[in-house]
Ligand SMILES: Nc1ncnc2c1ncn2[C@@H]1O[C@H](COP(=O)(O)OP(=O)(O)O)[C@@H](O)[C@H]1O
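Next up: a single chain in structure tokens, the form predicted alone.
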């Protein structure tokens, strides 16, 4: 019996590294490994890149296939700012995507050039998460560290370079920086934020190797390493996503996205105009508060996370870490409409509703990129075209009954639950397999059947809840404070 072609896909996320050893022919997972990360939240959201490398080597070794794998790729958390000195060592801990200290710098960038300019030139209006804003923050607040920086990398770039010795990135992850365009790095943006383009990696085309494994790492020397990409792009590959298929991911953050043929250009900043990891686009909207925020509310109420109750008129917006959608980086949680007869279970359901609402409202704008809808921003949550097409529900919260029912009730759409797990790592594995087979990575994933899974039927859309939440959000900006504190 022939030995399988085995590839390894890595997901280097905010909290941990996961690695999957996968049969390149069938998609069967042959081995798994995992190692945790530490996040320092004392001042912002920071992490030591060296521990990502340690976690990667541990997780890859734990798959049991490190010495036999024939290719590897890495999907990594987007936006993080990794600064390296002339010796290749981190200058300081990496600023993570959810570090909002750069909100003033993001606002300055938008004021300087205008939202319409950003949307037209770069496809996205930068927020605090974007790497350009983080570099501007570092230049303004830690100029000594900025001056010591000899290389700027994204998290997946840093790990790929540790494996191969080659400074590369891909178009998908690079599109979340705020300085990448299909024609190259944007000189005007780099000049304004004081970033020398010589500090940035080369963009490697999809389907090609970024390099080969060096001695001393977790793999056999010479093992091909694919370009890798950002975590959302890798998950899209892992699903074998086709244009117009909606995805809602429930994790530490919440995201909605699809694959599009057209480049997004949303001057409101709701939809980020990301590239995908191939030759298309990945319009995406993101919230900072999702499963962890709702779990925190459940803990405060002394209830299990699934212990929700229907009814009630309270609105609970769980913006515990500031919020990106809507753009309220300094917001806190808000409870409105509390009554004598409000129950703890109804409050917990209201937290689910508050977390899901912005994602579903933004889904309309995401699906409108290829002209699927018109006037989606004012149509209300879940009003996108083809309402019979199931939403692919993924992420850590996707298996929770309360999350499933909330998404169905607020969207009025059916929900499909892909049976495949660890989609970021699977997408990276598909990239690695594509190096061996010559296929497109998304075609590999479709051949593996990664998106297959049960479909839950639609529920009647809860328009009353949608209206309550929309009204509360429209009235909350002054109370929350939209400026810096």
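Since we're looking at a predicted model, the values are computed, not measured. Residue numbers count along the first chain shown, from 1.
There is another form of the same protein, the form predicted in complex with the named molecule; it is not shown, and what comes next is about it.
Enquirer: Within a 4.5 Å heavy atom cut-off, is residue 305 in contact with the named molecule in the model of the complex?
Expert: Taking the distances in the model of the complex, the answer for residue 305 is yes, it comes within 4.5 Å of the named molecule.
Enquirer: Since only the chain is shown here, I'm wondering whether residue 475 would be in contact with the named molecule in the model of the complex (any heavy atom pair within 4.5 Å).
Expert: Residue 475 lies outside the contact set for the named molecule.
Enquirer: Look up in the model of the complex whether residue 397 has a non-hydrogen atom within 4.5 angstroms of the named molecule, and give yes or no.
Expert: It does: once the named molecule is placed as it appears in the model of the complex, residue 397 has a heavy atom within 4.5 Å of it.
Enquirer: Quick one: does residue 403 come within 4.5 Å of the named molecule in the model of the complex, counting heavy atoms only?
Expert: Yes, residue 403 lies within 4.5 Å of the named molecule in the model of the complex.
Enquirer: Looking at 150, 107, 265, 292, which has any heavy atom no more than 4.5 Å from the named molecule in the model of the complex?
Expert: None of the others qualify; the residue that does is 292.
Enquirer: Only one of 322, 217, 414, 251 gets a heavy atom within 4.5 Å of the named molecule in the model of the complex. Which one?
Expert: Here the answer is residue option 251.
Enquirer: In the model of the complex, which of 109-117, 388-396, 159-167, 189-197 comes within 4.5 Å of the named molecule (heavy atoms)?
Expert: Selected range: 388-396.
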